[in-house]
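In structure tokens, one chain follows: the form predicted alone.
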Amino acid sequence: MSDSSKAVCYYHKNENSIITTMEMLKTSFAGLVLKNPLIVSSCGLTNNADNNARLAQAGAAAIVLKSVFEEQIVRESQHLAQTGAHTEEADYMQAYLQAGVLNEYITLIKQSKQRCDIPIIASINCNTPGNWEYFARAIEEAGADALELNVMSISTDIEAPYGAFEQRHIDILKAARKETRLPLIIKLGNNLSCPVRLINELYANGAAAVVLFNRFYHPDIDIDKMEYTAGHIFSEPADLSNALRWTGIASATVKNANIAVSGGIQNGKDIVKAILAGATAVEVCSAIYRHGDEWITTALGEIENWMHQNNFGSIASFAGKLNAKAPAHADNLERTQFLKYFGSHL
């Protein structure tokens, strides 16, 4: 029996219940079978194989490696082109395998796979299609279990046609899909006109799952120096609300939607909320930064205790129980509830 299994079940009086516990918390995400719904999201914590082994030991079900950025890949590609490092695709890939950015990332994947017995998900932070997709091929060859495309972008072009921003997500997915057979996970920002329509189109074009939502850089202003500064670094409890709303709506509307909630998760109860809304997993990093690896063990214990108290024997038995399929739940997720709330206060 592994130490990680014991960690997940530390709150049991005897180890005979461990098999039951492991079965209770099982879920699936992007075609991956997970021992529980808790995925460590891409962050500085996941940029080291030793850290990843420790997170797995604490009970994490999967790890998303720290993102490599599109700009890093393009910059290195341009450098190779300028130095004449390749003349055709085979030479091009060989040159890249020897280059810094890809070589370091491949090493991280391989070392993490060796040290962890849970899925390792690679991550590319991108905002345009083109010039980086071959990176996905190398990631697959290195042994990653899936690839998350973290579309970190906003639309600021005043002349951009309606829908062009959403189409960019689909184009990014299509470009990566041509290069790899890995499950592709799309992490979306919350600045979309109709997330449900885009999620549906992403599934139609080969996405295995989506994550709601990206947490954008939060700018602030130092009024004394009159310059921009960084705002809140970590997610806050209020960040969870929007993800719950759209998870509840999308899981009820998009056929076979596979959704992970990201942002605002503070404890195991928040993970339960995400699953009730229709998620099958969550991605977490801020809470682990704040409280350490032991937070994972504690959160998993809170999930299982809640399941016992409410007589649920599996994650699937309550996933989506409060999504928008029921009209009463839809009222709480859409404008009707807004009107009801303010009507009682005016």
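Residues carry their position along the shown sequence, with the first being 1. Everything numeric in this text was worked out from a predicted model, so none of it was measured.
One more form of this protein exists, namely the form predicted in complex with a small molecule; it is left out here, but the text below deals with it.
> Please identify, from 139-147, 262-270, 218-226, 169-177, the stretch that has a heavy atom within 4.5 Å of the small molecule in the predicted bound form.
Checking each option against the 4.5 Å cut-off leaves 262-270.
> Only one of Gln57, Ser286, Thr27, Thr298 gets a heavy atom within 4.5 Å of the small molecule in the predicted bound form. Which one?
That would be Ser286.
> So in the predicted bound form, does any heavy atom of Ala230 sit within 4.5 Å of the small molecule?
Contact with the small molecule, no.
> Give a yes or no for Thr253: in the predicted bound form, does one of its heavy atoms lie within 4.5 Å of a heavy atom belonging to the small molecule?
No, Thr253 is distant from the partner.
> Spell out, yes or no, whether the shortest heavy atom distance between Phe165 and the small molecule in the predicted bound form is within 4.5 Å.
Close contact is absent here: in the predicted bound form, Phe165 is far from the small molecule, nothing within 4.5 Å, heavy atoms only.
> Would you check, heavy atoms only and a 4.5 Å threshold, whether Lys35 touches the small molecule in the predicted bound form?
Output for Lys35 is no: heavy atoms all beyond 4.5 Å of the small molecule.
> The small molecule is absent from this chain, but in the predicted bound form, do Asn258, Thr280 and Lys321 each have a non-hydrogen atom within 4.5 Å of it?
Negative, none of the three is within 4.5 Å.
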